[in-house]
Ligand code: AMP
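One chain comes next, on its own, written as structure tokens: the form predicted on its own.
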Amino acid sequence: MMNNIISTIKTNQSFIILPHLKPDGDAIGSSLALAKGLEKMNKSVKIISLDEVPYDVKFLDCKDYFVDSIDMESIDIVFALDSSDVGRLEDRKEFLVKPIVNIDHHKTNTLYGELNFVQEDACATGEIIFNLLNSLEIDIDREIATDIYTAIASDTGNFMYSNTTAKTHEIAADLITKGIDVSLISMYLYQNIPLNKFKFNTEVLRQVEFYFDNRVALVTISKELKIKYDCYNTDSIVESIRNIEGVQVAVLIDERNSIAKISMRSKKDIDVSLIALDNGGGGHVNAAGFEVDAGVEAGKKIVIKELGMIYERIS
């Protein structure tokens, strides 16, 4: 499949890249690295996203890569990055009119592209882009290395999660030789929370509920609370809950109009991706999510019921 993607890149000239909606560090870093790599091949490339670049990765050099619209008549190929299904691109579906190259590392990927390169054992989509650029014999300079390192560090929890492998560290070591500033990247990713988000996080964490002998921690975030703090970024909250001693599964339910967006994180061998798949979502064993269009309380009931079934089986 890698060879097919390489051939597609070499035989076409104009590309757009679609990271998933509400992009994280992996989606942004991977998109920028691929865009800059294609540019080195004298290709035309833009990244289309309708979301603001998250605060923790704004330090990356985005130049003028990001746009919110483009004339698709001039586009040859669409790259979809870090998106397990078309629903993760739903806000830009009008751009899915040219052949799609789907590059991802989620085991729940639905293989929706004309070309699908889904590498489940990759720690991040950034790892796949690293290998692709090397296969294309593109020079990974300091700027591209910074993008890829950011992607990998973001999706591995700064090399803390179970998706971190020996290969992950080998790639990181290679990127460090390019002269990247690891301490600066880490500062922006993990030590740079805006004050309003800090206050928002603090109030949210006061509302955590516990179930199943404190093995499950759950919190809901209302629209009103987001308005109060002018904060719509829920990143890091569910991870903070998961970090509590004894908690095996953390659940965040985010109210978005009539839709409840549910994010789950787990420890060890509790597979939350099964719950996500049962409800039309996807993700990884220890990090997955789905949406419920019947509201927050309906979403909460579904999650509690599904987790109850899991604990019945393993008790």
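Here the structure is a predicted model, which is why all the values come from computation and not from measurement. Numbers for residues come from their place in the sequence shown, where the first is 1.
Not on display, but discussed next: the form predicted together with this ligand.
- Only one of 63-71, 275-283, 49-57, 30-38 lies within 4.5 Å of this ligand in the predicted complex by heavy atoms, and it is 275-283.
- Although the partner is absent from the chain shown here, none of Ala122, Asn163 and His169 has a heavy atom within 4.5 Å of this ligand in the predicted complex.
- When this ligand is considered in the predicted complex, Ala288 lines it closely, a heavy atom lying within 4.5 Å.
- For the chain shown alone, Arg88 is a contact residue for this ligand in the predicted complex, at least one non-hydrogen atom being within 4.5 angstroms.
- Heavy atoms of Ser84 reach within 4.5 Å of this ligand in the predicted complex, making it an interface residue.
- Residue contact check for His106: one or more of its heavy atoms lie within 4.5 Å of this ligand in the predicted complex.
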